[in-house]
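This document starts with one chain, in the form predicted alone, laid out as structure tokens.
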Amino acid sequence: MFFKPERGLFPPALQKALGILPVPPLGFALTRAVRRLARHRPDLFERLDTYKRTHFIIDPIDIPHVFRMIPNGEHATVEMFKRKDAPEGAARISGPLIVLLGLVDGTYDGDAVFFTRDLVIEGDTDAVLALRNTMEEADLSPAEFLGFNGRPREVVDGATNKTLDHLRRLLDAPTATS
């Protein structure tokens, strides 16, 4: 390996390269994916109860962007901001991007990465706990989150899982906990 990343972090050169790019339309795509999920699995969003209108700031500490997510079912939004333009939120969830992705796909247990300090929670911890419980209940695969079904779902899940596993090893990310 030609570089030794800090535990789970993207290398500084990649971080800087991402910083010069304009904010991509990833927020729009994520909004569509969350809304599609809300149509297919409304029970997940009902679990959030009073927290569905909470402004969650998702802060991948190793890229120059942050996300604001409001998981309001079919009216959910995910917006992407340059770090310097990051809005405030009721709760902030911070960690390396690979760890945050691992929380979504079930690779990591939220409690485990919190107690190893690979994940930092600030603000309304009750809201974060409600979101964590919802994500655990969801048991989402990457393809399901993106709306794939049938054979394409198997292909997308296989390729995504293989890529993320390789990236975790390359970045010396925490060991899977689930």
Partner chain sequence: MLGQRNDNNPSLELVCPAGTPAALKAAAEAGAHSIYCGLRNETNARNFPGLNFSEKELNAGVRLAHKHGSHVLVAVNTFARAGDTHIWKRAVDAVSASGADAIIAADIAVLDYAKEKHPNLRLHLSVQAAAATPESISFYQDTFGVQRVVLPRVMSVEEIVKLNKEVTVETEVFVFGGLCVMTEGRCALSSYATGKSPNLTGVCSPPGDVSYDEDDSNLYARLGGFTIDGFGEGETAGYPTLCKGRFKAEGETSYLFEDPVSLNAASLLPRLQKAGVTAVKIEGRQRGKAYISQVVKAFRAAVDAMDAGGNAEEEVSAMLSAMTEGGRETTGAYKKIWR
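In this text the structure is predicted, and so the values were computed from the model without any measurement. Residue numbers count along the first chain shown, from 1.
Just so you know, the form predicted in complex with its partner chain exists too; it's not on screen, but the next bit is about it.
The stretch in contact with its partner chain in the predicted complex, judged by heavy atoms within 4.5 Å, is 120 to 128, chosen from 52 to 60, 26 to 34, 141 to 149, 120 to 128. With a 4.5 Å cutoff on heavy atoms, Arg132 counts as touching its partner chain in the predicted complex. Among heavy atoms of Arg47, some come within 4.5 Å of its partner chain in the predicted complex. Contact check for Phe114: a non-hydrogen atom falls within 4.5 Å of its partner chain in the predicted complex. Scanning 136 to 152 for heavy atoms within 4.5 Å of its partner chain in the predicted complex gives Glu136, Glu137, Asp139 in sequence order.
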